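A single chain, nothing else alongside it, follows as C-alpha cells in the form predicted alone.
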Amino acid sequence: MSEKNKPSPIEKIKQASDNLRGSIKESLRDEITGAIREDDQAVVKFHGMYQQDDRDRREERAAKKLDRLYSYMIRLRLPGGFLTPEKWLAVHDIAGENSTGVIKITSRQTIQLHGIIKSNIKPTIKAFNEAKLDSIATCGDINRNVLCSSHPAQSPLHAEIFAYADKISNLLMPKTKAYYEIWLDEEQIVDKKEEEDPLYQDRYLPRKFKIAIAIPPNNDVDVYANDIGLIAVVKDGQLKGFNMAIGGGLSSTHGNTETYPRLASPIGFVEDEEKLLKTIYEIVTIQRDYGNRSDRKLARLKYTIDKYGLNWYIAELEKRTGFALAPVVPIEFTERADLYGWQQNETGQWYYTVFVENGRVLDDETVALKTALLEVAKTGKANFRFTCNQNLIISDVLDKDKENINSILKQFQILEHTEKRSAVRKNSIACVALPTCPLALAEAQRYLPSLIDKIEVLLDKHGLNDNGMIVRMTGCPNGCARSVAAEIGFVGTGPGRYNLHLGGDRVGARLNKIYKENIDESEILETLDTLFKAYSDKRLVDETFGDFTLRANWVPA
C-alpha cells in the first residue's frame, strides 16, 4: 500500500477499538493522571466528549513540573435543540455540581459542559441518563447533532418539519452498546452480532458528518455549511418535501491550499419520508466507502465530491437508492437571523428569544442569566430551544402563562439585556477557543464581546448602528462559529492576530474571502473604520455590507 493510501493512525484506532470500547475503563481507573490513554482520547469522542486542558495554566504547571490541568467537555445529543423544563433543571444542577458551572450553547443547537474532571465523567453521564439525556454520537467520526430551524413561529408546519431532526438522528445512530456498558454499568453483551452495524461497520466515517434542516425564508441553521442540507418546500400549507444539498463544510488549514471551505451543492428534491431517509442513509454510505481515510484534513464529504465529481456522486447515489431525485424546487432565503423578543405562532403559543452572548449561560456582573432561566424552568410553563446562533428561546408558553414568564424575565432584567443589545452584537457568534480548545490559535468567545464594543463605536460614528451585519470569530480555521460564512469574519492566526474576511452575504449562500491577513486589533479597527465610511457614503438602498464589499471590489466575487 502506498503511503498516500495508507490509513491514518485514527483509522487503526477505530477498527481496533472493539466497537468503541477501547481501554476506556482502564483509563478511568488510572488515578496517577487526569488524562486518559492516547488511543482512548480518539475513541471517547464517539461517546460525546473531548479531553482538554487549561492552556492558561500550562506554563505555570510545567514550571512546577506538574501534569497539565486536564478536564473534559461533554456535549449532549439534542436533535433540533429542544429541552423540557425538567431537563433544563437537570442540566442546571449537573453543571453546578460537576463542571465550571457555565452552560455553553453551541453553534450546533446543543449544549456542552466544560471543566469536568476524569473522576466526574461517569457521574455526570449517569446524571444525564437519569434525566433522559445522552451524549452519544455528538463528537467523533460519525453523524453529529442534527439541526433544524429553531423558531416555531417561522412556519405552521414547524412541528412536522422539526420531527425529522429526531428521525434522522435515530436513523444514523451507531449500534454499539459501549456507551451503556462503560458509563451506565449495563451488562456487557456476549453475542457481538447484537451490535453489528451495517452503516458504520467497524470503520465508522472518515471524518465528522453534519446535517441541517432549514425552513425558508430564514436560513438560521446555515444549511449550506453542512454535509447534507435539507430545505423544506412548503406549498399551499403542506410540506411537499425537501430540496437536498450536499458537500458543505467550512474548515480549512492555514497554509494548506488543498483544504478549503465549501458550500453544499443542490442535487435534487425528495418528496416523501421513506425516500428522504433512504437518500440520507446512502449518502452516508458513499462517504463511508469513498471518503479519504489517509489524510484527515481531506476526509470530509466536500473533498470526496470534488475528487470524484458531483455527477459521479449523484449517479452512485441513484444506484444505491434505486431511484432518481426530482429536480430542485425553486426556493428563496431572505434572512439568516434569530427572532428576538416575544413572538406568537399560529396556535397562540408564545416564544421569547433571549440574547446569550456567544452561548455562555452564566450569572455575571451584567446579568443573572443562569438564575433567570432556572426560575423560568421551575414554573414548568416553558420549554427551551437553542438556536444555531447560540441563543435560547423560551418556548411553547400558553397565553395564560405569558405574564408569569415575562415577569421573571423583567425581574432579572433579561428583557432589557436582550432588547438593548445592538443589531451587530445580536448577529455575532464566536467559538470556544482559548483556554480549553487544543486547536485554538487565538481568542474568540472571551475576546469578541470587547471587540464588538469598539465596532459599535465605529458603526455609530458612520450612522450604521441599526445595520444587522453578521460578524463571527473563530480562534482557528476549523470553522465552528462559521466565520467564513459571515459578512465580516475573523479567523485566528496567532495570539491577538486574525485574518479579516469580507464578502459573505446576509443569507448564507455565499462564502467570504480574505481581505487582510494576520492583523491585530488596531489594524482591524482602522480598516473597519475606513470600510464603514465607504459603505455609509456609497451604498445603494437596502444594500447589505457583504454585497457592497463585492460591488466595491474589496474582495473578488
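For every residue, the number given is its place in the sequence shown, counted from 1. All of these numbers come straight from a predicted model, not from anything done at the bench.
What comes next is about the form predicted together with a small molecule, which is not displayed.
Residues with any non-hydrogen atom within 4.5 angstroms of the small molecule in the model of the complex fall in just one of 27-35, 524-532, 508-516, 49-57: 49-57.
With the partner removed from view, the residue among R203, R421, K208, K167 that has a non-hydrogen atom within 4.5 Å of the small molecule in the model of the complex turns out to be K208. In summary, among the residues R293, H114, R385, K426, the only one with a non-hydrogen atom within 4.5 Å of the small molecule in the model of the complex is H114. Although the partner is absent here, R108 sits close enough that one of its heavy atoms falls within 4.5 Å of the small molecule in the model of the complex. Under a 4.5 angstroms non-hydrogen atom cutoff, the small molecule in the model of the complex has R300 among its neighbouring residues. Among residues of the shown chain, H158 is not one whose heavy atoms approach the small molecule to within 4.5 Å in the model of the complex.
Not displayed here, the small molecule is kept clear of I125 by more than 4.5 Å at the level of heavy atoms in the model of the complex.
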